[in-house]
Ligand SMILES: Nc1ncnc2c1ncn2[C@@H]1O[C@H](COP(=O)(O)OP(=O)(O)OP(=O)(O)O)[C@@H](O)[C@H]1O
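The chain below stands alone, shown as structure tokens; this is the form predicted on its own.
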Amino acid sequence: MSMQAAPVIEARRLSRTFAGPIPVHALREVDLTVQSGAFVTVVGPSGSGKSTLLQLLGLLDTPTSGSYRLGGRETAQLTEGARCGLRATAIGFVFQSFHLLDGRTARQNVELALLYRGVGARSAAERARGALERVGLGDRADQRVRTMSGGERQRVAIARAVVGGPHVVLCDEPTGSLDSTNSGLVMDLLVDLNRDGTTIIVITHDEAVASLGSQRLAIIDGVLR
């Protein structure tokens, strides 16, 4: 009898409170299970807790209470060094503002994700070109990012996110700075990557983007529904 694989993400009663004269309960006892290969979209208004959830899932912040298992590994009590190591190998990020080095080429931007992990220069270059081909930019690998359109920059960011084979790709408003045409192209690419087996979570305020998920969630006042 085969055993079902552990979920990629498993959060239980995950909470984040920011201290102050009046404490801010940004996230309230969230329960979330994400299976391998899922495409999850999380929608909610500004201030609803979307960004806080992404920060916790991406190991960029620590919860006030609760449990968070990533790839079957409990993360709540990890040291900062261990968190950084796990984040580098298990999570790919795609941000609204791209977070690319504009003076470098597309290939160099994607390579950096591997070089920081100790991958050799030759292997990193080959894998970066392969990732760029996967997002339709194989012929633009040696073009400087600053000369690219917003849609092309976001595709470079997606190539960087997936080049290391992460457990999950977290996308924070990936179409927020794009026009409708480029937004559609980027979301089509994420859907294609998901069909190839990449687990994707998209944080968005856009209902059209949210509707593409196989698992659609809403967050309001820090409560995930």
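Counting begins at 1, following the sequence as shown. Small disclaimer: the values here were computed from a predicted structure and weren't measured.
Beyond what is shown, the protein has a form predicted in complex with the named molecule; the following relates to that form.
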Listed residue (P45, G165, G176, G37) with a non-hydrogen atom within 4.5 angstroms of the named molecule in the predicted bound form = P45
message = Please tell me whether the candidate spot formed by F18, V24 and S51 is one where all three residues come within 4.5 Å of the named molecule in the predicted bound form (heavy atoms).
response = yes
query = With a 4.5 Å heavy atom cut-off, would you call H205 a contact of the named molecule in the predicted bound form?
reply = yes
message = Just to confirm the contact call: exactly one of 28-36, 184-192, 51-59, 157-165 touches the named molecule in the predicted bound form at a 4.5 Å heavy atom cutoff, so which is it?
response = 51-59
